[in-house]
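Only one chain comes next, encoded as structure tokens, the form predicted alone.
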């Protein structure tokens, strides 16, 4: 078992004691391996609150989250007997601006910190750090550099390497490409896809970019006003009714496909995933 939500509610406490219901009746199962999930929804829909339950940073105010067999709920919280560090090692969470969490004097020391904090020997931590740095596309020349003198994209890679060095089973990333230029964005998404392909780890990405959803996700979760309103494939997501109901943008490739269908008075089916597929299907239709 990976992560299971059973009728989960979460209410933030307010100064007037009324509070704010951020999650309502969430039922969700996430496999421990093999998934590439994008989590989308408008600002304030509950996305970040949802993922913070996935590694027990937050405890449900109603219902139960089971993380690799460990139940997290109000009853467990009262007993205070559950050790959360092992859970947070299994489910790694990278926040939206992870570069702000860098603090060591060198990249190597920063990436080593997590493994050493979990009791791994110094030499083994170095090995894991170097492996993680390689996975995110940085070479050994970065090891002794200060993380504070890196570019924004490089800082993100270092912070992600710090989570990967702890070898989580599930990797969660909150808006990992925010602030990056298009080239840096595609490069970093390629890293996540490569991690997924090489390790079969389940990866969950919070994003507002529908191109990321359409091009990379195997499964999409849509949050709206604290509820999970969609759990399915990206191909099925972008129907006209869903776009209208949930204020979704349309992926660029689907916009282009629709324009060509209208201009040429043709139907292109199934919808292409990329420009190469679009070109091939155009050839099939027009010949």
Partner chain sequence: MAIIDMKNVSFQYTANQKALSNINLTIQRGEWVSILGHNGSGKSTLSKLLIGLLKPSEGEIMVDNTLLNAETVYDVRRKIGIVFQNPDNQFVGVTVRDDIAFGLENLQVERKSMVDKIDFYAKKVGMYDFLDKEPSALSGGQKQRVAIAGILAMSTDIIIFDEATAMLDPKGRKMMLDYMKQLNQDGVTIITITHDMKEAVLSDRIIILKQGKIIKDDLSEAVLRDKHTLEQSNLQLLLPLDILFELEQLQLSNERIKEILWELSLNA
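Numbering follows the first chain given and starts at 1. Everything numeric in this text was worked out from a predicted model, so none of it was measured.
Below, we turn to the form predicted in complex with the partner chain, even though it does not appear here.
Scanning 253, 228, 58, 220 against the partner chain in the model of the complex with a 4.5 Å heavy atom cut-off leaves one residue, 253.
In the model of the complex, at least one heavy atom of residue 182 sits within 4.5 Å of the partner chain. At least one heavy atom of residue 208 is located within 4.5 Å of the partner chain in the model of the complex. Proximity of residue 275 to the partner chain in the model of the complex falls within the 4.5 Å heavy atom cutoff.
In the model of the complex, residue 263 approaches the partner chain with a heavy atom inside 4.5 Å. Of the candidate stretches 110-118, 183-191, 83-91, 166-174, only 183-191 has residues whose heavy atoms lie within 4.5 Å of the partner chain in the model of the complex.
In the model of the complex, the residues of 42-68 lying within 4.5 Å of the partner chain by at least one heavy atom are, in order, 42, 43.
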